[in-house]
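First comes one chain, alone, set out as structure tokens in the form predicted on its own.
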């Protein structure tokens, strides 16, 4: 069953097209990667799926109707730098409507999961980039969403923190979370079960890594080969 789906999805900003008829289908429990250069439409696609943008045409799910089932981890740091780790988690837990006892239990569980227990009293603005991204992930999954959207979550993060972040993602995936990842890093999307090549708001091709690559070619090679057919 597809839990994330788009059909003919179109979105423009000030008459500038960002998505041009995108089709997407992600079954329950799948780890799906969307790869493309800056400006390809990755962020717009995830924001439409999250219900943050209304499509100009086409359909998208979950969208606005299913936002309670979605966790969204945006690119960059969007939490409160002048609040501590604990205070940020409590704030977002309250925003999700979790009662005090549930917030406390999930906060303790997730901070341990993310390796942030020793930093609970630190201001979020004083954390390293990798720690900030892990805290963002914690806040994104507090309400135990069945779908997690990750918008280039490791951009600008050091290599060690990237590995640690990916261990957390893989654990969530093994637990059954459906994950849609937007990334510019081919080595990250190679970890996915399903990969979508996005370019200038259009899907060039999609499938499993083995389907998209052949004869020892890398995923990046396959992407560049797809680009060679654009406009022909």
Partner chain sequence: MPPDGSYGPTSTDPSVTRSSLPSARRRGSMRRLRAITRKEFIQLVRDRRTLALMIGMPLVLLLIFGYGVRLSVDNIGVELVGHDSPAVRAVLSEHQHFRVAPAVAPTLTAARRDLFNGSEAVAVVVDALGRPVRVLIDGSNAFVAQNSLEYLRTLMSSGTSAPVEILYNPTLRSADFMVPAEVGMIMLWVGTVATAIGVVREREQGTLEQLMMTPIGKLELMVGKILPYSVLTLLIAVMITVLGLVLFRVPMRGNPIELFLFAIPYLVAALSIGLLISTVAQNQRQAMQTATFILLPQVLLSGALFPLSAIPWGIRWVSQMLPLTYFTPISRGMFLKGLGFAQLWPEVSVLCAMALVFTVLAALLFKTRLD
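Since the structure is predicted, the reported quantities are computational estimates derived from the model, not experimental observations. Residue numbers count along the first chain shown, from 1.
One more form of this protein should be noted, the form predicted together with the partner chain, which is absent from this view; the next part is about it.
Enquirer: Mark residue 146 yes when one of its heavy atoms lies within 4.5 Å of a heavy atom of the partner chain in the predicted complex, and no otherwise.
Expert: Yes, residue 146 is a contact residue.
Enquirer: Taking any heavy atom pair closer than or equal to 4.5 Å as contact, tell me whether residue 155 reaches the partner chain in the predicted complex.
Expert: Residue 155: no contact with the partner chain in the predicted complex.
Enquirer: Could you tell me if residue 161 has a non-hydrogen atom within 4.5 Å of the partner chain in the predicted complex?
Expert: Judged by the heavy-atom cut-off of 4.5 Å, residue 161 is well away from the partner chain in the predicted complex.
Enquirer: Given that the partner is absent here, does residue 78 sit within 4.5 Å of the partner chain in the predicted complex, heavy atoms only?
Expert: Taking the distances in the predicted complex, the answer for residue 78 is yes, it comes within 4.5 Å of the partner chain.
Enquirer: Just one of 30 to 38, 61 to 69, 179 to 187, 199 to 207 has residues with a heavy atom within 4.5 Å of the partner chain in the predicted complex, so point it out.
Expert: Careful reading of the contacts points to 61 to 69.
Enquirer: Just give me the residues of 87 to 102, first to last, that have a heavy atom within 4.5 Å of the partner chain in the predicted complex.
Expert: Residues within 4.5 Å: 87, 90, 91, 92, 94, 95, 96, 97, 98, 99, 102.
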